[in-house]
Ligand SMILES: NC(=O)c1ccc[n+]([C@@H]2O[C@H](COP(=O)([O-])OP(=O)(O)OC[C@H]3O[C@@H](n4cnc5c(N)ncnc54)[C@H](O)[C@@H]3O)[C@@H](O)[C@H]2O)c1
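Shown here is one chain on its own, the form predicted on its own, set out as structure tokens.
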């Protein structure tokens, strides 16, 4: 198949693209290569992707309809996997326009061009952040969204837009509500890579909410295996699906995995934009897959990620 992957230089886009390329699909990667975090790191991901002859890359901002339209005109596409978005809950406070142009306008541009080109199968990234601080755990897909940040609001609106295009144009559109994905090639602005950097550099690590946050950490290797199965499925309506292990752990527990290392932490209060805990229900996912899925052991996968981080000298790239 010929597949467009937006956000191909990002963590999820890169990781899924590697799997698609190994499965002999042709991947047309799109990314605007912004500087939200290390551009050098994103280019290193691209270097890995370019090792495959069936990978083609274009630097495009999805909010630019004219350039995006020109790109689509020249391609025969079977599927779109839309992971491009402006990430970061706190960054949305100081840069709200970035989220409107990328997360909303960009998504509409993708759907409009998919409609024009009769591309009927579109998968997109939503987020567990749409649940907000709902305390009725574990979170199920039918729960009413309660977003507490602009970033989360844009993801909620994406789901509404996706449902609209399905109903009006009969397009197969599926959203993935991702829960704290971690692993090799992960984002340097997330907790684990900050922890790794603190351990190696011996610098103090600030721990939000005094380390009491519970997060439904889900290993990237598990995520990509799940996604490779889901994109083969046929969906009769617009769906949103939790992508999670459904086994949250606290930040303090993760710190205990590294008790043999000397590093300092500073426990600070909770940022009002951070949800206290995340805990997704993955029963819908398992029902759709129609098979048992065993998630990788958290402690093992986190330590494996740390080993990869050290071996690849990621601290000097990010």
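Nothing here was measured: the structure is a model prediction, and the numbers come from that model. Numbering follows the first chain given and starts at 1.
The form predicted together with the ligand exists for this protein as well; it is not shown, and the discussion that follows is about that form.
In the predicted complex, the ligand sits within 4.5 Å of a heavy atom of residue 87. Residue contact with the ligand in the predicted complex: residue 48 places no heavy atom within 4.5 Å of it. For the chain shown alone, residue 156 is not a contact residue for the ligand in the predicted complex, no non-hydrogen atom being within 4.5 angstroms. Under a 4.5 angstroms non-hydrogen atom cutoff, the ligand in the predicted complex lacks residue 281 among its neighbouring residues. Contact with the ligand in the predicted complex, defined as any heavy atom within 4.5 Å, is confined among 111-119, 184-192, 71-79, 207-215 to 184-192. Residue-level contacts in the predicted complex: of 245, 198, 180, 92, one residue has a heavy atom within 4.5 Å of the ligand, and it is 180. This chain is drawn without the ligand; in the predicted complex, the residue among 293, 261, 37, 65 with a heavy atom within 4.5 Å of it is 37. Contacts between 1-32 and the ligand, taken as any heavy atom within 4.5 Å in the predicted complex, involve 7, 9, 10, 11, 12, 13, 31, 32.
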